[in-house]
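Shown here is one chain on its own, the form predicted alone, set out as structure tokens.
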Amino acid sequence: MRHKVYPDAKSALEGIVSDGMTIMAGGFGLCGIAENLIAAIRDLGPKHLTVVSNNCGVDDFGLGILLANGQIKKMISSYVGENKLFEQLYLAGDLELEFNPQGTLAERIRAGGAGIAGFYTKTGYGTIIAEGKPTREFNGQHYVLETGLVADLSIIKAWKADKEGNLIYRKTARNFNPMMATAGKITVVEVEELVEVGELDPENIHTPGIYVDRIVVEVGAEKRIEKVTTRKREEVK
């Protein structure tokens, strides 16, 4: 069995991050992001990165710290509205952006992981999303050709893993992580809990270990809530 467990996030990424690479980063908002791995990428300092992620964190957290550090050249995303620096860089021409409808982004990643070069979808036909892309008509309906996405590196957040890399995600923190785990040439996973091989119920495994190259147990994750909305607690009579 290949040794996959590394002592910390920096050592798990050393030798595999480089300038100009494409990185997929799991997460939805700040939920299910690999906080330790993102910080390690900042510290290792690769530049001119293309990052595939639903969004780009917030100004001082998540992928936002890579943006603030000038490491990201291009984002392939579906929503970027929570990051003011992102807006400023894009409007100034200092950041490239490839927008995707959210479902299309998810399917492009899934397709890349499945070895599917492209697929046709109705979503985006007749809009700027379809500009420059081949279109076809099937059964009287118009479709746009979208290409699958793959990355040099996928950084994934999971709840539990065994030492072979079999993964279980927790509730909505699953989001884009499972499909990104399959679409990276190298996949590094940050987990909350690491167990021995055989301790996970095979019926509950979401991502098989064959997709995982390196594992690190997270330390001191903040798990910040992007927007806290509360209401006055009702008195119990």
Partner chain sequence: MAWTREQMAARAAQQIRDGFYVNLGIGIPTLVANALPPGMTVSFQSENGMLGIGPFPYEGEEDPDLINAGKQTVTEVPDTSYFSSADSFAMIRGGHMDLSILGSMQVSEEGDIANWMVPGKMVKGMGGAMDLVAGAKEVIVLMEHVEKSGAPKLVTRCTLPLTGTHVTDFVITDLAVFEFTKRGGTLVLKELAPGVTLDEVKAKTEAKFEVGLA
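Residue numbers count along the first chain shown, from 1. This one's a predicted model, so the numbers in the text were calculated from it and none came from an experiment.
Omitted from view is the form predicted in complex with the partner chain, to which the following refers.
Within 4.5 Å of the partner chain in the predicted complex, counting heavy atoms only, one of 64-72, 25-33, 43-51, 193-201 shows up; tell me which. This holds for exactly one stretch, 25-33.
Residue among 39, 205, 173, 186 with a heavy atom within 4.5 Å of the partner chain in the predicted complex: Selected option: 173.
Check residue 213 for me: does it contact the partner chain in the predicted complex (non-hydrogen atoms, 4.5 angstroms)? No - in the predicted complex, heavy atoms of residue 213 and the partner chain never come within 4.5 Å of each other.
In the predicted complex, does residue 114 come within 4.5 Å of the partner chain, counting heavy atoms only? No, residue 114 sits far enough from the partner chain in the predicted complex that none of its heavy atoms falls within 4.5 Å.
Does the 4.5 Å heavy atom contact test between residue 219 and the partner chain in the predicted complex come out positive? Contact check for residue 219: no, nothing within 4.5 Å of the partner chain in the predicted complex.
Distance check, residue 122 to the partner chain in the predicted complex, heavy atom within 4.5 Å: Residue 122 belongs to the contact set for the partner chain.
Going through 94-109 from first to last, which residues have a non-hydrogen atom within 4.5 Å of the partner chain in the predicted complex? 97, 99, 100, 101, 102, 103, 104, 106, 107, in sequence order.
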